[in-house]
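In the form predicted alone, a lone chain appears below as structure tokens.
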């Protein structure tokens, strides 16, 4: 599989503009490309597809990359099949996945990525790159026929992963607790991506990038911390079947 992925936890970190914290990684992913297809389906309301695409366009044009929105095409499947690269932005993962299925884009996206088309996602766009959306933090505000996602990688991702605050009086579930509950019913690994972190996947190799470690959850095992210098390639194979 000729995967060429950049899976980012969030589009904006504290004190930075849209995608600024991932600028170098984005430029590397898109080296030699002149355009990218933006899929703005994740916004549940308040921001139109046109406005969301304009926001992405402003960021990429500074780097010499032109942006078109998939909603601007009469045939979104054809747009995906002809795209040089694809970027799926953040928002609500349930809204995003429903729109991907309704517009029949799941299989075309999977096929293009398997053949090497660069794919980048932030937040919900990163969440749908995994095996399922079962570890999203989002509220299920719409019904989806399946949780099965693009399956560009054989594990699940929890973007915006947060560690418990030892000084907090909050008595609700932590992210660790919720992912442990997920593993009572699902076997695939889960990667907790902290803000500012991202995964770079090239074929059968994966690198953690950014300033933070990632928390890796395997079924029936204690969570493990992996630094950017650590080997994460086993996660691309462990539950591939």
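Predicted, not measured: the structure shown is a model, and the values here were computed from it. Numbering follows the first chain given and starts at 1.
Here the subject shifts to the form predicted together with a further copy of the same chain, a form of this protein not shown in this document.
- With the partner removed from view, the residue among 26, 216, 179, 65 that has a non-hydrogen atom within 4.5 Å of a further copy of the same chain in the predicted bound form turns out to be 179.
- This chain is drawn without a further copy of the same chain; in the predicted bound form, the residue among 81, 71, 98, 110 with a heavy atom within 4.5 Å of it is 98.
- Looking at residue 122, you'd find every heavy atom of it more than 4.5 angstroms from a further copy of the same chain in the predicted bound form.
- None of the heavy atoms of residue 85 is located within 4.5 Å of a further copy of the same chain in the predicted bound form.
- Under a 4.5 angstroms non-hydrogen atom cutoff, a further copy of the same chain in the predicted bound form lacks residue 222 among its neighbouring residues.
- Taking non-hydrogen atoms only, residue 211 never approaches a further copy of the same chain to within 4.5 angstroms in the predicted bound form.
- Heavy atoms within 4.5 Å of a further copy of the same chain in the predicted bound form map, among the stretches 114-122, 100-108, 160-168, 72-80, onto 160-168 alone.
- Residues 91, 92, 94, 95, 98 are the ones in 85-104 with at least one heavy atom within 4.5 Å of a further copy of the same chain in the predicted bound form, listed in sequence order.
- Note on residue 9 and residue 44: their C-alpha atoms are nearer in the predicted bound form, a change of at least 3 Å from this conformation.
- Annotation: residue 44/residue 143 CA-CA distance longer in the predicted bound form than in the displayed model, change of at least 3 Å.
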